[in-house]
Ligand SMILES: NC(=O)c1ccc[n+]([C@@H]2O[C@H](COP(=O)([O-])OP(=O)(O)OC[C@H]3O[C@@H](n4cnc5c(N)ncnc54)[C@H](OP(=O)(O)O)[C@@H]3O)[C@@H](O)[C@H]2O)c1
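Next up is one chain by itself, shown in structure tokens, the form predicted alone.
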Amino acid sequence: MNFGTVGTGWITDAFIEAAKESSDLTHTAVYSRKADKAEAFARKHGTEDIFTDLNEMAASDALDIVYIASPNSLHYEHVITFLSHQKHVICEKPIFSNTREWEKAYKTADANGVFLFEAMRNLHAPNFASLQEGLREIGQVRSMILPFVQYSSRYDKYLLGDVPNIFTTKFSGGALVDLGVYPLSLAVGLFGRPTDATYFPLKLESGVDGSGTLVLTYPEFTGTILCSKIAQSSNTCEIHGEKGRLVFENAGDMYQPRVIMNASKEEVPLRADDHPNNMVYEVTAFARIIESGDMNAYNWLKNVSYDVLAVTENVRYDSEIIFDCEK
């Protein structure tokens, strides 16, 4: 199947390289508002078809699928455009600004007989399956801490008076929706939607959260998620059970998953995949679901996507973090 791309940043580069490695999708089209930028990006990836008009691209036979990595607040408009032209859509996380957009977009996908995916790469990686296996070893979960604390070079620009997209409500930015969704998607993928959630943000003058602590309540335990774009951490994650703990590095990659049992203190490595670009697994998964029509897998991903967005939306509103598209 052929796919086009909207967005010319590093994340689009990574997705294209993942598609080449998987060989499940072929990159055939590039969109940018500026022709010279589209041409440069197309040359870089050996792609022929260039578009500067989104509707023209959506109507083109050059692609069956589109990967969208535009600024967060533009996701909804761009997704609807392609779904309405019966193109399958893979949209970078966070898929939308709020659940209202989510509901309208999935109705549009269903009405046009196409698939809509959120590109949450950690849910498709082999290490996610290893975490599921590890949970069976550590007994009843009683607590967890899942950090994603990663200093952004764009914060330097923010401090100098610029307002990069990710640090402004205009483009639906902030630490929670940019980084916090990785550990949150893990929590929802492993345990389901929490019964309650509370967010304690450090709000910047621009109106978004530069960092924050998200507390998730489940019937048997409480979990803590730390997210920040204005500090740095080693990002070691832990899930604590009555028999042992599940430990791994980085909520986006889940490197070095291992179980440490309480009684023996023994550290047992789990099956691990340290692929430098684990987007390759989501590419393969999306292509397989489209080609096979696997509705069970699709609906599971759809439900996780909704639950993650619903949690972030609710805690944002409670914290009075309102995006411009919601005002």
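Note that this is a predicted model, so its numbers are computed, not measured. Throughout, we count residues from 1 along the sequence that is shown.
Only in words, not in the display: the form predicted in complex with this ligand, which the text now covers.
Student: Look at the stretches 283-291, 31-39, 255-263, 296-304 and give the one with heavy atoms within 4.5 Å of this ligand in the predicted bound form.
Tutor: Stretch with heavy atoms near the partner: 31-39.
Student: Within 4.5 Å, heavy atoms only, which of A251, A119, L216, A109 is in contact with this ligand in the predicted bound form?
Tutor: Checking each option against this ligand in the predicted bound form, the one that comes within 4.5 Å is A119.
Student: Decide yes or no: are A129, P183 and E238 jointly within 4.5 Å of this ligand in the predicted bound form, with each residue judged by its heavy atoms?
Tutor: Answer is no for this spot.
Student: Look up in the predicted bound form whether P94 has a non-hydrogen atom within 4.5 angstroms of this ligand, and give yes or no.
Tutor: Looking in the predicted bound form, residue contacts with this ligand include P94, since a heavy atom lies within 4.5 Å.
Student: Wondering, does E101 line up within 4.5 Å of this ligand in the predicted bound form on heavy atoms?
Tutor: E101 lies outside the contact set for this ligand.
Student: Answer yes if any heavy atom of N72 is within 4.5 Å of a heavy atom of this ligand in the predicted bound form; otherwise answer no.
Tutor: Answer yes; at least one heavy atom of N72 falls within 4.5 Å of this ligand in the predicted bound form.
Student: Tell me, yes or no, whether A310 is in contact with this ligand in the predicted bound form, where a contact means a heavy atom of each within 4.5 Å.
Tutor: Answer no; every heavy atom of A310 is more than 4.5 Å from this ligand in the predicted bound form.
Student: Even though the chain is shown alone, can you say which residues of 1-20 have a heavy atom within 4.5 Å of this ligand in the predicted bound form?
Tutor: Residues within 4.5 Å: G7, T8, G9, W10, I11.
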